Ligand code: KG4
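Only one chain is included here, represented as structure tokens and corresponding to the form predicted on its own.
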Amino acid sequence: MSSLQTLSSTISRLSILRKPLFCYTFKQRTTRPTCSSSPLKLSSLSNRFFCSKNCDQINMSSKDDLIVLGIETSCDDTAAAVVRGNGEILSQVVSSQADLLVQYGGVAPKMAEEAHSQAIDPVVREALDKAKLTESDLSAVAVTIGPGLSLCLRVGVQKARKIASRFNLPIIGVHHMEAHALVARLIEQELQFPFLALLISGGHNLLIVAHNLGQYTQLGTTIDDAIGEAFDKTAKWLGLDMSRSGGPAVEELALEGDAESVKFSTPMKQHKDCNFSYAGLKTQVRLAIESRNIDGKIPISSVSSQDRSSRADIAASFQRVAVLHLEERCERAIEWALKIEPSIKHLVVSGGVASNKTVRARLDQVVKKNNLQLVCPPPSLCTDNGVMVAWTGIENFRMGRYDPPPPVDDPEDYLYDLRPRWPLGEEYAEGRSEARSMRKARMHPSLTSIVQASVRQQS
């Protein structure tokens, strides 16, 4: 099926209300919705279904009455959280796969899936117990449906559907990167649309203008490896402790090193766009390590002081250039963003790498120079977590963007709506780069294109 056909099919099952919806009643569905353009049975997570405004049974007149469970399993953390409509975090639970990351030197999809399967029930149960609630107290269930690893996403979606069907709850499919951006609105009440966001993690580098909920312009993205991947590989090659992931390990060692000692070149200096590339910097780091005869198989805790010093210099030099690349791209992105939306006042920096203190400090200087304010969620909300999923679910729920309770049992051949490659926004014309090597085959239409097309259908 072509991208156009896929988009048309998705839009035909998508509906958006123009006003927030705070009250609803549900009627139990006895038949499964099907897609008219395909004989296959597809998950209703891709449909934005809007229930009746009749408030006789359930009254959602107050934001405090809204309680959403968020489930996140897009990569290597199993997370769940319960959040109230007023932003109160009732619970947050994360089960890390740090041991597997150390064992396999990164994320092994099949092993990650198995770990998610073992952790998902106790993690969700703990989240509900800590919130002192049961499933029957929930207003809805939100779950990440993409982007991410298909095997991992499936675990979270299956769990969310089981809860939603058993307790007759609406279900909200969440875009992982939108969740990273919107969690900043939970912790910063003054953060209004539009704003600029830099989302940086192990799998993604993304610069976007957030015009409104579900409507984004992509200024730049990674064309190969994301910054988090570069931190992880550098940590592994330097023999660092990966149990906390590579980023914190490199950041800690970099404090001991000379950031000017190794002359790494800044990526993509010749490309005047906002896209990112860390593959070349990774190669530079690997060659520097080899030239100094550093054996990454030997833990840094076991090496001589001279060897440790050499490793620290590489860590510091790498971090300086990696962050400089972010700075240069953000400088240009601010210029572009203010052309698009002159009222922008904030730069949101979120995702796992946003926990890095050097990243925060350097980008804070960039935004101040441009008379903007930097908004960074606390570290616990930067890494993958259930709070960001629950909050994004709340924001979408208020707009009426959710699906009806699923049927009680999914058949074995049921095809879940998983979106491993799912762009968040439409590309800005000036942001398109000839250096883009990202394959677009089998990529789902962007969240923004779906929302915009649906709005046009409704008008």
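All values derive from a computational prediction rather than experimental measurement. One rule holds for the numbers: they count along the sequence shown, beginning at 1.
What comes next is about the form predicted in complex with the ligand, which is not displayed.
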Options 364 to 372, 173 to 181, 327 to 335, 90 to 98; stretch whose heavy atom lies within 4.5 Å of the ligand in the predicted bound form: 173 to 181
Selected contact from G146, G352, P377, G214, since only one has a non-hydrogen atom within 4.5 angstroms of the ligand in the predicted bound form: G352
Contacting member of G239, P194, G257, G203, with respect to the ligand in the predicted bound form [4.5 Å, heavy atom]: G203
Distance check, P248 to the ligand in the predicted bound form, heavy atom within 4.5 Å: yes
Residue contact check: F231 to the ligand in the predicted bound form, 4.5 Å heavy atom: yes
4.5 Å heavy atom contact, A131 to the ligand in the predicted bound form: no
4.5 Å heavy atom contact, T221 and the ligand in the predicted bound form: no
Heavy atom contacts to the ligand in the predicted bound form at 4.5 Å, residues of 360 to 388 in sequence order: C382, T383, D384
